[in-house]
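In structure tokens, one chain follows: the form predicted on its own.
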Amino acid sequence: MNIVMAASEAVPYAKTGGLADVVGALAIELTKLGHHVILVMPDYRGRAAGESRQLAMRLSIPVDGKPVDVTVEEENVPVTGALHRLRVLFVRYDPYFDRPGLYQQDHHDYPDNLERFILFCRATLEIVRGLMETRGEKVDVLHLHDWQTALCAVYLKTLPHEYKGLDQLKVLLTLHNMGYQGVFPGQQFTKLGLPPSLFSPSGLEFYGSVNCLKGGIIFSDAVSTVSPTYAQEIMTAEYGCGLEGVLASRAEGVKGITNGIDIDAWNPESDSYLPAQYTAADLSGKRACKRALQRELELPNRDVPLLAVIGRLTFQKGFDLLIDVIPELMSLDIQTVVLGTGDHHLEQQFIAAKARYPDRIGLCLGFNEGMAHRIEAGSDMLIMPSRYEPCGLSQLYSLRYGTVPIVRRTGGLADTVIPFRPSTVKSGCATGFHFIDTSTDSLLSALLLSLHVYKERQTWQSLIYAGMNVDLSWRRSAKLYVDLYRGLQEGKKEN
């Protein structure tokens, strides 16, 4: 198939979170499966140009009624084991994208984010038109990711006179996190260049504001999200973030496809970030990684349970619950390591906890790729108390590295971690621990249970072994996306 993917970020070019990991890995895996993939993204500051980067197109894009001249540059990326290369097209307009951050600076959104992604969406459609009409290339599916690309579906379906020749193009929108919808003041609707009738409850209007994601959900041919449980959750008021009714109104439903991970980059057998490598059959290297991690974070070298926290320090991730149980945890014979950045108040609370328990807590504020790998390898357990989690990646890395995840039963965490129960332990498939309520009592109960099971070495080893043998590769997920693409081509409804 011939697939164009549009996203606001993708590894290795630009990243603020898991979206970039997913888009970059999926594009590569689809290429490995033999499909022709073109990835379209903005050309941000600091992206190193590849040797094969060339000028591909010059475009004039209307934004707020004025033409904006942009260039499109192409880079061809070799993919190991693939028949063809992955093509990456960068939309370059320095006044919008040559900035310190992708979406914000100093924790404040750029005030012109709507104009920036109007430009990107319109440019994406012009790129598809150029590929099909000028170069004679076939495009079967346009795969959009999150609110930053959602307007592509709106323009394509509501301005057919402007996009003649693209009427057969099928559009899939993947929702990575309903918490981010691209909501802007209603008076900015005129900047979109859309018919006034679309600023209504049946269009992009959302409680007096413009909602880009809502438009994408309404006008895409299919909608997917990143785990089956999250696909069900977002139909409810608790998780739908105000769009549950719009999602529920789609007769074809929302398809949930669980993310995978890059099993080459995240492989304890060959990970160059680690001081020692290991396998499920021989965990001696994991024990060496634990000792090295304790030294690196200036913790006493003791054989006690080492609990890890990795991620954005935000309310969504539930790390305020962890802060609340630290006094109880510190009364136990354990150590905790924290890697992340986010809410200033939470950061300060972790700093205060580190100062109070310097020999029990290791803290690294910010993000460090190598440190993330070493924490995954050197820890015994990972804590993910998320209030909601569309899919989650840290728990997948933990499974791969033999670090047992303790997660709240929500979204992708529920789908990817098989909870410790007598039946699952007996069958050898248990990989971690669930808790249900977003409460300190529920979290603490799960932590205490895991610490109890940790002492039962044979049972604990079975959890490690089961987790390390789960298929976490992108191949399975990529094949499900291909099935979805083909269903769109054949006019099938996806449920």
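For every residue, the number given is its place in the sequence shown, counted from 1. Treat the numbers as computed from the prediction; the structure is a model and nothing was measured.
What comes next is about the form predicted together with a small molecule, which does not appear here.
Among heavy atoms of F117, none comes within 4.5 Å of the small molecule in the model of the complex. Put simply, Y163 is far from the small molecule in the model of the complex: not one heavy atom of it is within 4.5 Å. In the model of the complex, the small molecule sits beyond 4.5 Å of every heavy atom of G24.
With a 4.5 Å cutoff on heavy atoms, Y397 counts as touching the small molecule in the model of the complex.
The candidate stretches are 388 to 396, 271 to 279, 192 to 200, 131 to 139, and the one lying within 4.5 Å of the small molecule in the model of the complex by heavy atoms is 388 to 396. Of the residues I310, L204, V91, L175, just one reaches the small molecule in the model of the complex with a heavy atom at 4.5 Å or closer; this is I310. Of the residues given (F315, Y110, F367, Y357), F367 alone sits with a heavy atom within 4.5 Å of the small molecule in the model of the complex.
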